[in-house]
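Shown below, as structure tokens, is a lone chain in the form predicted on its own; questions about how it binds or moves come after it.
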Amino acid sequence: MPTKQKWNLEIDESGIAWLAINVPGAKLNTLDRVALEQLELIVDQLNIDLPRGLVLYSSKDNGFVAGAEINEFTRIESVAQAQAHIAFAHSIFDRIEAMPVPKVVLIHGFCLGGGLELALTFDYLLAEDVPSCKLGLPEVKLGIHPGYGGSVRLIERIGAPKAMDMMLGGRVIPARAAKKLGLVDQLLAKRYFKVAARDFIRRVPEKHQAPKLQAHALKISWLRSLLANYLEKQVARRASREHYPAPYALIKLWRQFGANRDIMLAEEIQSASALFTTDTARNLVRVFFLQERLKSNRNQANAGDSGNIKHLHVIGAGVMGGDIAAWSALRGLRVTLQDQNPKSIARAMARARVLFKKKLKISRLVQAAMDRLIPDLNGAGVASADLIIEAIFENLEAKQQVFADIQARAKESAVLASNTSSIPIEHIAKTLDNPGRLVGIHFFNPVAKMQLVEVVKGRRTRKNVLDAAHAYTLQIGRMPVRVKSKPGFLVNRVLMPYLIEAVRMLDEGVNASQIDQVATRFGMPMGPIELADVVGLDICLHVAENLLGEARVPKSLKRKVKAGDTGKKSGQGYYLWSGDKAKKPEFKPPEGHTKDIERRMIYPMLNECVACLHEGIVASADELDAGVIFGTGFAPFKGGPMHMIQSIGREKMIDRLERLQATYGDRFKPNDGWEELKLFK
């Protein structure tokens, strides 16, 4: 079967070459090996008979180029293979850059990774002036750094400080921000793209480059080293060199070779290639695919029409309810927000405006989103809503009363949902005449940042109701994981033994800062003591009593809550809080014992993950890994808890749990699933 063409080249009557990318059968354009080989042939053709100018654009409505084809990364088995692949891309990109004609690239939708690196070989970057147009080099999130010349060309275009900030954080920025940085030359409506491209080719204005004084100064080795040291300190605040080598490799590359363009381009190939086969890169690529799987419908074949929910009604305008309403309005839904307290609604509306301004930037878009979010003190929206989400405080009787009150007023086709974090759906549904219409849609705080949503199936939840809830989460740009209705569902059930064991060690006299430090060194985004304070000690106590039983809850947690010291929200928990920052006492870690502390916290999580999979809380090990990574922040570079277990090995894991059990008690007893799950056979 002949290879399908991914590029289309046309020369117009004025001699301008128009090169369009459109990968057939794919949702997004990506640069795989075939696309690069075809591009090489086109570059050969253009160099034989030079056009007056060259314009690159995408024929797909949804975007430009989303980057390299990540599936190909999984087939790279050696550094030599990686070098050959990257060097081939370099050879093509270098030739495009060297073509002695004005070159314009037209960008709409996503322009990421290899797509932006290709765009940077052109003289002028024009982008659509809409919030959905975004640019970035997010390779560090896959455990590598830009490798198609981007590390050099982005620095040349906008300067080392701005470029390194973008690349080291893997930041993806809107086109307007890119224009302010100097990355984009002009913002305009898409309908004017071709007219503007012809104008740039006619005028050939001066190409945008970093300030000459800055570029010259940073060729001086000691100045470059000074900035590199600062960048390393900034990176170290959020990522360790041991777990995430890519940003440090990028800093080293620029520190050593930033004074010489040709050498840095050559060394970029070597540096990026060395990262491809690291465990971190392999595991982060795995996490990327887990994320893509949750974002799509393909793991839930009958997830329904993702556009069915037009009107959402939210009951409860507290932080969770208000933010669910705001995020849904941001994503285009009409939302009515109900609460018996007008002040709660007012606060939610104020938070929503802040969110809309941050995300949408443009005042008319902000106002349109505010118009979609409607205060509804008396709950009039219940009658016309397609989906009704209850998001009040975590109390069974109160939730039952809400649904008993609204079931007669809601239209028969409306889906009823609870944002409960731990209460089984079938318990809440007992007051419903038709319990099959109730589903759990459990968001995590903060709603605007946490991508995971647990879609909870009660024993009597109808399939079409479950499918509608799943589709709604996709509709608002979130990642649904389907879970069975058991106390704690997946995320809280896995997280609670970790938090409670940390508090137990605190009661035994282990320093709080040491506990948190061990956890973050393992790879958690935040230590468990600090996390408990952030979540709220009262909430932790409530969930722990439900999941573990009152006898297993540490006494200090009960005392703190009784005294009103509920954590960050009260200003005092296990730490003293000043605004968003915990005041942690000075701490010098003692020698030894850290591995024991780590295993006491992490292994109960792993044991509970096995139990969840064994009990069918989720459908597969991959979905469990995705749920725990995106719900708890579990060290992404390890590929997920089940992946980590497989890496260690079943026998070693059981042996370590049994040692902990012998020393600390039966809470570490290996779950029956260790013997029975097919995963370990």
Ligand code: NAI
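Start at 1 and count along the sequence shown; that's the residue number. A quick note: this is a predicted structure, and the numbers were derived from the prediction, not measured.
From this point on, the text means the form predicted together with the named molecule, which you will not see here.
Considering the named molecule in the model of the complex, which of K103, H145, H470, H442 comes within 4.5 Å of it through any heavy atom?
-> Contact with the named molecule in the model of the complex is made by H442 alone.
Selected contact from L438, I315, L387, V483, since only one has a non-hydrogen atom within 4.5 angstroms of the named molecule in the model of the complex = Selected option: I315.
Tell me which of 601-609, 161-169, 396-404, 70-78 has residues with heavy atoms within 4.5 angstroms of the named molecule in the model of the complex?
-> Stretch 396-404 is the one.
Using 4.5 Å between non-hydrogen atoms, is Q340 touching the named molecule in the model of the complex?
-> Heavy-atom contact with the named molecule at 4.5 Å: present for Q340.
4.5 Å heavy atom contact, G150 and the named molecule in the model of the complex | Result no; G150 lies far from the named molecule in the model of the complex.
Close approach of L576 to the named molecule in the model of the complex, 4.5 Å, heavy atom = Close contact is absent here: in the model of the complex, L576 is far from the named molecule, nothing within 4.5 Å, heavy atoms only.
Using heavy atoms and a 4.5 Å limit, would one call A266 a contact residue for the named molecule in the model of the complex?
-> Judged by the heavy-atom cut-off of 4.5 Å, A266 is well away from the named molecule in the model of the complex.
Who in 570-584 is close to the named molecule in the model of the complex, meaning a heavy atom within 4.5 Å?
-> Nothing in this stretch is in contact.
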